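The chain that follows stands alone, in the form predicted on its own, written as structure tokens.
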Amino acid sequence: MNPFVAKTKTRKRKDQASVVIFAVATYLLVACAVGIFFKIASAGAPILFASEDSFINWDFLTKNPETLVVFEIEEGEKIRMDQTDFTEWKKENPGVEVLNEKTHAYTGGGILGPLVGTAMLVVTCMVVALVVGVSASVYLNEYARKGLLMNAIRLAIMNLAGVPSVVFGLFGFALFCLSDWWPALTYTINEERTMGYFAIPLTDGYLSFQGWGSGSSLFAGGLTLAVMVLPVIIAACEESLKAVPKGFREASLALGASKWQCIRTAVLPYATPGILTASILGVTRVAGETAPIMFTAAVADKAKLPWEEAEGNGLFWLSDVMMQSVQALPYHIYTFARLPNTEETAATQNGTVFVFLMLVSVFAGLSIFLRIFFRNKLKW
């Protein structure tokens, strides 16, 4: 006799009620997500795809944010122009009387600067976070001995995952922006801040320990985001390593492989799908953070892209790029939220949010594709 078979109608009704409750909770969550996505898409899609020349509004994606000028002329026609175009138009039409002129900050142009800044912050963050995170997870899972110290380290990593992002922002600002002992490649020495410098042979530059400046910089923001996402990456990578059967390690060691050879050939390849998934999920998290980059990297208005203001050649040029402040999509959206709510401001904000949602969706889809692709290549 099967002891798990329901013997009474009451138990059957409880079981059915449980199924209904779980189903309602699941579909309610799906409905909320679909409603949010539909709201964002319906409001933002017309901004991205409303173009007279092509299906995609390329001006919105390829221009930097500008001030939008809305005005009327004598005929009563209402005209919208970016600040740059409006200045040129006034020079070409000096006799036209401008009526009811209104300006809307950051509402004209496009979102090229925030898009590029977000991409550069994410790349900088993930390069550092993956190298440090994967290395730390390999050590914790493969080399470290079990004990109180390792338990304390794992507990600290778990606690860091719950720290508010604004705390990481203040930490990054204090450590990476205000400290004077970080090295920088430069052609000019800040005598007030430098703690020592060395001339670099065959160049006119120096390696100076003068910090990265008290203002915001791409490198400081990327490192702050890397510190913030490290707990997530370490935990996910460690779980991926634990999922690899111990028999793989034992067989590799039995054939005479060293510890590192065993990890490199018999462990990491099979943990790669999980590591990739963790990295993409980390990207989706750091791409949407506002508080950390508000203190360390982002600015509301910037006329040029980071490499357009960089000076020098080679590594000096790269160092100058990393020292530049950047715009970012999350901070750009936050800036809109502080502006007066008008028709022009709302339209640009909806378009920016829609592009940002598409960007995150692409990363999530890439995560799923890479996981399936690498899992299909592995044969256990």
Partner chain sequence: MAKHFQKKGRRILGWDLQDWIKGFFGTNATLSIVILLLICFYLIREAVMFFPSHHQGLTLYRQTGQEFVGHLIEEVDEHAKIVAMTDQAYYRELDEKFGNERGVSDSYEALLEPLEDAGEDFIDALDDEEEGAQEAWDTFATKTLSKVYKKEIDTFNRLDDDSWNALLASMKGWDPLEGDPPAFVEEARAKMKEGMASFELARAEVSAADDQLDSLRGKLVKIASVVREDAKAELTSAARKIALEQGIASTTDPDKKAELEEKLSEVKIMDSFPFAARSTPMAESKDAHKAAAADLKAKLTAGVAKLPAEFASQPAAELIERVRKKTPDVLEELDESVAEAARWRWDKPVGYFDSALQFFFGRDWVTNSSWHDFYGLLPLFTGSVLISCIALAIAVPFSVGAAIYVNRIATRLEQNIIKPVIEMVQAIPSVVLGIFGILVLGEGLREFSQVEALSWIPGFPMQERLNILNAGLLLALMAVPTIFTLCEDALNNVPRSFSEASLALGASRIQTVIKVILPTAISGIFAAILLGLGRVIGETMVVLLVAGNKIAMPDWGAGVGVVAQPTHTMTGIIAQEMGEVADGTLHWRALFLVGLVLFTISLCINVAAQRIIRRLSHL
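We call the rigid core the largest set of C-alpha positions that still match within 1.5 Å between the two forms. Quick caveat, the model's predicted, so the values are computed rather than measured. Numbering follows the first chain given and starts at 1.
We do not show the form predicted in complex with its partner chain, though everything after this point is about it.
Stretch 228 to 236 is the answer when you ask which of 97 to 105, 83 to 91, 228 to 236, 203 to 211 has residues with heavy atoms within 4.5 Å of its partner chain in the predicted bound form. Site annotation in the predicted bound form: the residue of A300, V116, I73, I157 reaching within 4.5 Å of its partner chain with a heavy atom is I157. Of the residues given (N350, N64, S325, S319), N350 alone sits with a heavy atom within 4.5 Å of its partner chain in the predicted bound form. Contact check for A45, F49 and L305: none of the three has a heavy atom within 4.5 Å of its partner chain in the predicted bound form. In the predicted bound form, its partner chain sits within 4.5 Å of a heavy atom belonging to I153. Of the heavy atoms in L28, some are within 4.5 Å of its partner chain in the predicted bound form.
In the predicted bound form, none of the heavy atoms of T188 sits within 4.5 Å of a heavy atom of its partner chain. In the predicted bound form, at least one heavy atom of F336 sits within 4.5 Å of a heavy atom of its partner chain. Residues of 238 to 270 that come within 4.5 Å of its partner chain in the predicted bound form, judged by any heavy atom, are A257, S258, K259, W260 in sequence order. Put the two forms on the same core and the Cα of Y27 is off by 2 Å or more between this form and the one not shown.
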